[in-house]
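Single chain ahead, written as structure tokens, the form predicted alone.
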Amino acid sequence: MSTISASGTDVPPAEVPDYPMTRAAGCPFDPPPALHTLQEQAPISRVRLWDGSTPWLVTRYEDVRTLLADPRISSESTHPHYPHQSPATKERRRQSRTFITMDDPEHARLRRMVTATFAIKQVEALRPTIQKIVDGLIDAMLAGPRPVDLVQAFALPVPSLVICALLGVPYADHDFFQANSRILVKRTSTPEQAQAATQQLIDYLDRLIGDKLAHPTDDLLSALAERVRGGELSRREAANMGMLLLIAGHETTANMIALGTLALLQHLDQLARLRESDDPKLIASTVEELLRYLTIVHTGRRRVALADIDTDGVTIRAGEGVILANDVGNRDPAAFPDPDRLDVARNPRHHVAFGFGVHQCLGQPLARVELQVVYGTLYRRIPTLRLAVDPDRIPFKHDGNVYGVYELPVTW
């Protein structure tokens, strides 16, 4: 029988576990138990993906962080052994390449064009605008019927309105781009569905960039259009970048708002500490702790080794796929004492929910400000906010590349 090297020993292919793994029933906030077992017993080991490939899975925090910063680890998604999340994800990346799945110098060249927009000082200047958006949506909720789905009424509109204003995308088109975005982040979508959704979004962004070339305004798409005019960027590259920022700018934060709210409603002592304090430091630490505790990008950071890498007694060979499991890494007791306990005062700023190294999430300053405004406002303005259904009736996004809830019925 042929064997696959796993954790320094050879094992029959049938014994290589499938990935992603299943969460335990009744524990929607915790990584799958099998991931904890691997972290304890075989922290660098083989897993099997949807296409039968068997990349390495790295589960300990220190290894995840070290390898994310290792220049011998590539983000290049065109590599034949790149461990794609699903057939749909593979098709989307074939059609639309962006800097997050490129290596330097192309990664750095494209990323530099939008870095200033997401710098801390620039994002802090948006805080009053974000506060106004949050207050307006809460006003609308309070004036409307109860119960209400928090996802549709609040969690999805907040980051969508913000990223639309930043990019110069009409919010009136939100049904269109949110529907196509959902297809692209769902692992069960077919390649044909992903191809159609990608093309629709590319065509849409290309039209907007054409409009900005003719009639520039004060937004990021206009700035990209100006680079197209100057020959620094192709129109297709600009459309690809616009699509990346539009999807990433609302999908991740929307899921953090809804899932974070559910986690707090299931940990009322922690919610009370947050609600009863106006200390900005506690609000900021709550955001960091929820990012660590929930780690909504829950299918790992995907990479390929460019050289043989010896780590923890295992040799990852050049050309082999690598998955860096930041979700269970953020629950590593060697990095975070009592890691499965939600503690809003913990302030774990060194978590890897946004990744680490040169590919660390570009939009993290914006996400942080949005979540600080939301968590610092929603529960104080609606102090009796509570679930309107039993927790076991809430549908979770087990099938998504980004974890969250499809609906969150609440009342007050």
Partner chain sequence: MKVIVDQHKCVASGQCVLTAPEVFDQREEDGIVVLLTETPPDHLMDDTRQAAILCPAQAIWVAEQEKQEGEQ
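Quick caveat, the model's predicted, so the values are computed rather than measured. Residue numbers count along the first chain shown, from 1.
Below, we turn to the form predicted in complex with its partner chain, even though it does not appear here.
Chemist: If the cut-off is 4.5 angstroms on heavy atoms, which of these, 115, 234, 78, 190, is the one near its partner chain in the predicted complex?
Modeler: It is 115.
Chemist: Name the residue from 120, 334, 318, 214 that puts a heavy atom within 4.5 Å of its partner chain in the predicted complex.
Modeler: Exactly one residue meets the criterion: 120.
Chemist: Of these, 377-385, 349-357, 45-53, 26-34, which stretch puts a heavy atom within 4.5 angstroms of its partner chain in the predicted complex?
Modeler: Heavy atoms within 4.5 Å of its partner chain in the predicted complex occur in 349-357.
Chemist: Taking 4.5 angstroms as the cut-off for heavy atoms, does residue 345 touch its partner chain in the predicted complex?
Modeler: Answer no; every heavy atom of residue 345 is more than 4.5 Å from its partner chain in the predicted complex.
Chemist: At 4.5 Å between heavy atoms, is residue 65 in contact with its partner chain in the predicted complex?
Modeler: The answer is yes: residue 65 has a heavy atom within 4.5 Å of its partner chain.
Chemist: Taking its partner chain as it sits in the predicted complex, is residue 90 in contact with it (heavy atom to heavy atom, 4.5 Å or less)?
Modeler: Output for residue 90 is no: heavy atoms all beyond 4.5 Å of its partner chain.
Chemist: Hey, in the predicted complex, is residue 111 touching its partner chain, heavy atoms inside 4.5 Å?
Modeler: Although its partner chain is absent here, residue 111 would touch it in the predicted complex, with heavy atoms inside 4.5 Å.
Chemist: Each of 141, 391 and 393 near its partner chain in the predicted complex, meaning some heavy atom within 4.5 Å?
Modeler: No, the whole trio is out of contact, none within 4.5 Å by any heavy atom.
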